[in-house]
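Okay, here we've got a single chain as structure tokens, the form predicted on its own, with questions on binding and movement later.
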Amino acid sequence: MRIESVEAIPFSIPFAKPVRFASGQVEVADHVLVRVRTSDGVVGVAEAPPRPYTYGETQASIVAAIEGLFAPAVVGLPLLSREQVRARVGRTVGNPTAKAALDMALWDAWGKTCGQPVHELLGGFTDSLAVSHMVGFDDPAAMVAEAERVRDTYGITSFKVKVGRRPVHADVAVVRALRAGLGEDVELYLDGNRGWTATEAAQALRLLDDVGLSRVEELDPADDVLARRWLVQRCPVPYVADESAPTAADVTREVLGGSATMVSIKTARTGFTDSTQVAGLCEGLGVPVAVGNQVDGSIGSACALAFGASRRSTSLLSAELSNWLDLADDLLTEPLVIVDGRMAVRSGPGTGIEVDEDKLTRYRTDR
């Protein structure tokens, strides 16, 4: 069971409507399918979603890193030598989603080799997760209408609201409209993608004090160290570190430094191996976690689901698993399903998904 080959296949699927937030806008999923083949003929897959405005990666850079650096470093290693793989790709700095996708493709191949689901290999705590849906920038009426449609169609009752526009009153109006339209039983939480200053964020939190937010995420830049600590000390709900804490070392710095009281774990940037490390660290520190989403497609969402279902700590809150709903299509032979606000893990080996080769041929951009 050795790694025989590693492929990086760029593909492009349009979004039915653009996803807009403070740090950028996504109109097309220009992602990379990472495919690992073993000496036994088993194929593991994962998805790398480039986010240049967050991590500096592009579709082209991910393909180049995998084909030019990571594949030569790991081909020939035993499939189970994950720490060897981690050490070899770790010699190259950055490239988090490229590394994460390689890691998850190896786990998928291992699950298929031994006939076990990845979520069981990782811990097997539960077989389904509650789902949270992200609502991107729009006017209040449109954002309420989208949330109502998602709630009525899929039973989702947890919504991540993108904020960070100026003046803050625009987003305050949106959040109030969502609360009025959806009722008190629906969970609402905010993600600013570092769009506000600490002062603006504090103003927004004061104006929304009676709305019943469950948590807030990256309202201001973590690089504004003292201002961020000042804000977190005054925040009435958990303050989530996301893009400011992509590694276990970053989590340690942000939490112990008083810049966050909760952590978002995204398999798109930490794979299964490093996500497990981050989750264990947070459990040891007594810091709650949530499973986040990097505007993943169906493959990435299936990976996030497998990880989230593997541990108690990652299954306590609604997981961000629904961004694929905004895509015009996907690459799976069987689409993901959300029923009564929950998504069940696939019962098959690995992550339980299979790539539709005809769709891949249609959407790949390297031929």
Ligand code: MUC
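In this text, residue numbers run from 1 along the sequence as written. Keep in mind that what you see is a predicted model, and the values were worked out from it rather than measured.
Another form, the form predicted in complex with the named molecule, is not on view; read the next lines as being about it.
Heavy atom within 4.5 Å of the named molecule in the predicted bound form: which of N95, S244, T157, N293 fits that? Just give me the one. Contact residue from the list: N293.
If you check A198, M134, A130, A71 against the named molecule in the predicted bound form, which one has a heavy atom within 4.5 Å? Comparing distances to the named molecule in the predicted bound form, the residue within 4.5 Å is M134.
Is F11 close to the named molecule in the predicted bound form, meaning a heavy atom pair under 4.5 Å apart or at it? F11: no, not in contact with the named molecule in the predicted bound form.
Hey, in the predicted bound form, does R228 get a heavy atom within 4.5 angstroms of the named molecule? No.
Hey, in the predicted bound form, does K99 get a heavy atom within 4.5 angstroms of the named molecule? Looking in the predicted bound form, residue contacts with the named molecule do not include K99, since no heavy atom lies within 4.5 Å.
Should T54 be counted as a contact of the named molecule in the predicted bound form, where contact means heavy atoms within 4.5 Å? Looking in the predicted bound form, residue contacts with the named molecule include T54, since a heavy atom lies within 4.5 Å.
Of these, 109 to 117, 176 to 184, 157 to 165, 249 to 257, which stretch puts a heavy atom within 4.5 angstroms of the named molecule in the predicted bound form? Only one stretch qualifies here: 157 to 165.
Residues within stretch 266 to 281 having a non-hydrogen atom within 4.5 Å of the named molecule in the predicted bound form: Only a single residue, K266, comes within 4.5 Å of the partner.
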